[in-house]
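Only one chain is shown below, in structure tokens, and it's the form predicted on its own.
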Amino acid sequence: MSDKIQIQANGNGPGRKLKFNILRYNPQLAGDKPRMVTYEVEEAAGMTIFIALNEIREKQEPSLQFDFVCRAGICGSCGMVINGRPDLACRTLTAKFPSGEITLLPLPAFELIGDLSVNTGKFMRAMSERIGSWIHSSDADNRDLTILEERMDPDLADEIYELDRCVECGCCISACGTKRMRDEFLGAVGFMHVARFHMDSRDHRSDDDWYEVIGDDDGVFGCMTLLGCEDNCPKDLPHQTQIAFLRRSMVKVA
């Protein structure tokens, strides 16, 4: 029996019925209360959670709220809790769930807009302003547009690019036990940004400067190393490696 026929024989392939249990709640609608609503969708080949949600919204529930932009796992908009784990809806195949029953919840730790839609942008903007998420140079006031950009070693550029792959989806924040207990905790996405600028030769901030930003319990010293950020990062970024590096750097200053 071929693999395709075997999959269909086991009831885990195109044509089976998927059951989606989705949290519905619109905080802007007076009197609305959180509730779980079940929708059934016929699975198609290569179907993702995102495709299934679009089908539900188009054919069953036009008011269903969720976010998406790129459909390619690079914008981070479609983050949600899928069967208990934060992930991106556009990159999660329905075939991953043999039972065919899928529960969807909004990412915790963020302001709820409605249903599966949360305001990650508000958090990310505050995080960016908090750490100064841009190049800080001693000649920042020099507006001579004829000056060439400072040269960078290609190997260093590759290392920076690895950390720059963060799409700010918020999955690491939602999976972080410390963030759930301490609202001011910066979180793994912030530490990844700090590590990226700490590594950048064009950024002239010293360890003393960074200590003022992350050298306390709301920064790297508050991390309990539960590994939720790394275990649930859709881009497989080395969160714990960078947090450990920043912690060692800050200890030297302290």
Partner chain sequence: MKSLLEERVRKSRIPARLDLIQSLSGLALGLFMWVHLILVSSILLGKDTMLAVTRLLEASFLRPDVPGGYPALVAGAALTIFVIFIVHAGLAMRKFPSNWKQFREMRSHIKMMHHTDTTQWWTQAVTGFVMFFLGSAHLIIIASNPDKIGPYLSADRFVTWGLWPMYLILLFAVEFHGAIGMYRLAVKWGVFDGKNPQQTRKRLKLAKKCITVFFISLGLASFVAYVKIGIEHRDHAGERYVPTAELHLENPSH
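Everything numeric in this text was worked out from a predicted model, so none of it was measured. Residue numbers count along the first chain shown, from 1.
Here the subject shifts to the form predicted together with the partner chain, a form of this protein not shown in this document.
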In the model of the complex, Y39 touching the partner chain (heavy atom, 4.5 Å): no
Please run the contact check for L227 against the partner chain in the model of the complex: heavy atoms, 4.5 angstroms, yes or no? yes
I'd like to know if G100 sits close to the partner chain in the model of the complex, meaning any non-hydrogen atom pair within 4.5 angstroms. no
In the model of the complex, does A52 come within 4.5 Å of the partner chain, counting heavy atoms only? no
Under the 4.5 Å heavy atom criterion, name the residues of 170 to 208 that approach the partner chain in the model of the complex, in sequence order. S174, A175, C176, G177, R180, M181, R182, D208
